[in-house]
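Just the one chain here, the form predicted on its own, laid out as structure tokens.
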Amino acid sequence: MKKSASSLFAKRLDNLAKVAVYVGLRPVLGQQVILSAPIEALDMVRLVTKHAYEAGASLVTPLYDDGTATISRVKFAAEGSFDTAPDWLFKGMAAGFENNAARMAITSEIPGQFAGLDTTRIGRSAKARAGAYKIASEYITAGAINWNISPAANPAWAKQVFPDLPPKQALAALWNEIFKATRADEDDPVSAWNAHNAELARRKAQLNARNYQSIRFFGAGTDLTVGLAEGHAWAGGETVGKNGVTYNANIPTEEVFCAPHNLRVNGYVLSTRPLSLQGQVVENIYTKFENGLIVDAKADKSNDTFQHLLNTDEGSRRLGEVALVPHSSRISKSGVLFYNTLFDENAACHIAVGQSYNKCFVDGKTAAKDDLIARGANQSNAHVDWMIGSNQINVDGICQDGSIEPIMRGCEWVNA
């Protein structure tokens, strides 16, 4: 018997929550979970919480964010208050992570929700929050705990992605694309993810075996050479935290990524997709690098917001990540622009300014922080990705002896 639309939706939403818990976070028996989400994602939060308890979590603590409340702050709070952040909250989260709590975040962005507001106030607030959160975020970047980010749709986001559809149809269309991208539309999504993780592991192994000194992106207004950190390791898909738990940090994910050397990036690059950043939509980003540093940068839309990001701290003008994504990834093939980095970064090769991840080093679990910095790991309170890949971009690997090997042509893998 054919399932009704409502029962099929309920099944797929439950599948998505299962993927978030059993593929993404994978809490172990007795582990606490610190969960953050916008209030628009309440239904998803409740399903994730249910499955986390069924998986053995001892306590799930949800923390909700409200974009409308943020707008009120930007409009009406005292001018001197925007350098303030809830450091007491982040200290508490860090204490939880120190005691092996897992970290779950559900993303349900409303692109452009802060358009027309004072970007200086938003930038100051974001900078203060990033600085205060660093005490907790270091557990994430160091790979100390299992963590995950998973999506949920909302009406405003759906209207941005599908502006020509009536609201209910737009929301249904966005959920449908989320289900396809996360494999929640499959009868056994966990098995589908196991196969996908195996393919990502194969790609990582190929790249790690080549041990390139750098990779070069070129074509369509881009010529960027990204030197890789010493002792780097390509990551992607499943990873094992220092606490011994295997997890998938991002649902969905189609990327394999690595740590650039923060002093060895040179050239220029154009973005190929818009970036949703601090409630604004940033378009047509141009950046020029010299010896790892962004020396020229501009965006055709929301440039002020982009400049605030680059001025977060000293490390926010250097790269902390470079990622390879085939143009034929299921998110790219959908033809949908999500205005959400969790999705859009998995449609195209991308770079990220800011903090590096320890798991992008062969000895990242054991190496001292100062040692990783000496080998090129970037340090910053920020970590923001934007997309630079398309079917007009090629990628070469530069070997340790200086020879050149093709990795991608038109952002498709050369070697199957």
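Here the structure is a predicted model, which means the values were calculated and not measured. Sequential numbering from 1, following the sequence displayed.
One more form of this protein should be noted, the form predicted together with another copy of the chain, which is absent from this view; the next part is about it.
Shown alone here, Gln307 lies farther than 4.5 Å from another copy of the chain in the predicted complex, counting heavy atoms only. Heavy atoms of Leu63 reach within 4.5 Å of another copy of the chain in the predicted complex, making it an interface residue. With a 4.5 Å cutoff on heavy atoms, Ala78 counts as touching another copy of the chain in the predicted complex. A residue is said to contact a partner when one of its heavy atoms sits within 4.5 Å of a partner heavy atom; Lys301 fails this definition for another copy of the chain in the predicted complex, lying far away. Between another copy of the chain and the residues Asn291, Ser72, Thr120, Gln206, the one pair within 4.5 Å by heavy atoms in the predicted complex involves Ser72. A single residue from the set Gln169, Thr84, Thr246, Asn311 has any heavy atom within 4.5 angstroms of another copy of the chain in the predicted complex; that residue is Thr84. Partner proximity in the predicted complex, defined as non-hydrogen atoms within 4.5 angstroms of another copy of the chain, places exactly one of 35 to 43, 346 to 354, 383 to 391, 362 to 370 at the interface: 35 to 43. The partner is not shown here, but in the predicted complex the stretch 81 to 102 reaches within 4.5 angstroms of another copy of the chain through a heavy atom at Ser81, Thr84, Ala85, Pro86, Asp87, Trp88, Leu89, Lys91, Gly92, Met93, Ala95, Gly96.
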